[in-house]
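In the block that follows, a single chain appears as structure tokens, in the form predicted alone.
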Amino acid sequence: MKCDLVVVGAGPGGSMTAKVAAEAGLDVVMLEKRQEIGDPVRCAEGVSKAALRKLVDLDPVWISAEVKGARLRAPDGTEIVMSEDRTGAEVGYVLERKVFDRALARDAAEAGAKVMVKTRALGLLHEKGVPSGISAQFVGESLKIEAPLIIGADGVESKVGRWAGIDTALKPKDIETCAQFLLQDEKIDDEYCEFYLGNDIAPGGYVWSFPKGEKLANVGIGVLGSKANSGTPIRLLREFVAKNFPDGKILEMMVGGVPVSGPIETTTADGVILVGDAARQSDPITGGGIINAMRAGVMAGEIAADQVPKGEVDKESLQIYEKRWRETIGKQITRNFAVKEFFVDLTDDDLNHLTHSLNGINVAELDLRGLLKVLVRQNPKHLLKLRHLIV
């Protein structure tokens, strides 16, 4: 098989890449190792309304819940309430990823991309030492797909990056190990996403509850890898649910990892571009990555459409991708990584103190940067290191 572009991974980043490139006239093949696109779900499924609408024409069937905002709970229970349009890229809509991912893949197919499920990439093909395609296994049969450019959109465990010689290794402090339950309970608030902070409940991370309507919610936990000796995510999540939702019924369970590393040194190699979690483009504070992956996918698709016809797919020529995503998505990731590095070392007493310092201040309409500015103003000695990050 020969084509212009192979995309490995049919998540939001891969599908956006494939769609944009196919619409521009490239012959695109997109591979997905699982037999069903979008299943299993390995995220909380939250996205910003405004950010999603900028990328796609919204279909109501993708949305399982529309929320009013987010509640952040300090270890002692003190609460901060923020509106959905100011909270960030993970609050606004709670998606039905099994429907959403398939819809994006369908859009890619309608644009002309060939979508192949149950097709596992096994390695890169090479010609004169340069990547020239993908070797794969399709329903048990060997397959070779020749292409001048390969997009690795294959998630946190990205093999494409490693095969291309890109250092995507994550230190324990740069990955959140996660577990999530689909929970049914009458105590679930259908109108707000909730974030619970505290080193006892989620060392170096947080617990979340993202409503999915009709008293259902994705209730999950992220634990920083360097602090995982405090307990496994599933055990800690069970303890949290037992305390906060004692009558809750677990309908689904999933586990996975989320990179919170900040930008890696490079996301390109000769004939290879990485997108989304494979490129470590998720938000280091929240771990959310859907919108960033989609935005990076659009960039990768546009650049592929420009570079492949010219035969300019060497690492140097692909620096246009590096520059474009780092000047947009990358700036926020870099700043948020520094903020994360500061906050993960705070004690519960520190977190409680910072929350109490907001007493009497209307934070509902503040975005993350605005909230940090207020915290610095209220706690100049404690948060001096953050001042240069939020100017």
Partner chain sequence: MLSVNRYKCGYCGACVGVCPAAALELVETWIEVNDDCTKCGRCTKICPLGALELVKEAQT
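Numbering follows the first chain given and starts at 1. Note that the coordinates shown come from a computational prediction; the quantities given were computed from them, not determined experimentally.
Beyond what is shown, the protein has a form predicted in complex with its partner chain; the following relates to that form.
Shown alone, this chain has one stretch from 53 to 61, 35 to 43, 323 to 331, 352 to 360 that lies within 4.5 Å of its partner chain in the model of the complex by heavy atoms: 35 to 43.
By the criterion of a heavy atom within 4.5 Å, residue 289 is excluded from the residues contacting its partner chain in the model of the complex. For residue 280, a non-hydrogen atom is located within 4.5 Å of its partner chain in the model of the complex, even though that partner is not displayed. In the model of the complex, its partner chain sits beyond 4.5 Å of every heavy atom of residue 142. Contact annotation for residue 205: none of its heavy atoms lies within 4.5 Å of its partner chain in the model of the complex. The contact with its partner chain in the model of the complex, taken as any heavy atom within 4.5 Å, belongs to 255 out of 250, 99, 255, 81.
Contact annotation: of the candidates 298, 121, 241, 264, the single residue with a non-hydrogen atom within 4.5 angstroms of its partner chain in the model of the complex is 121.
Along 168 to 192, residues 168, 169, 170, 171, 172, 175, 177, 178 each place a heavy atom within 4.5 Å of its partner chain in the model of the complex.
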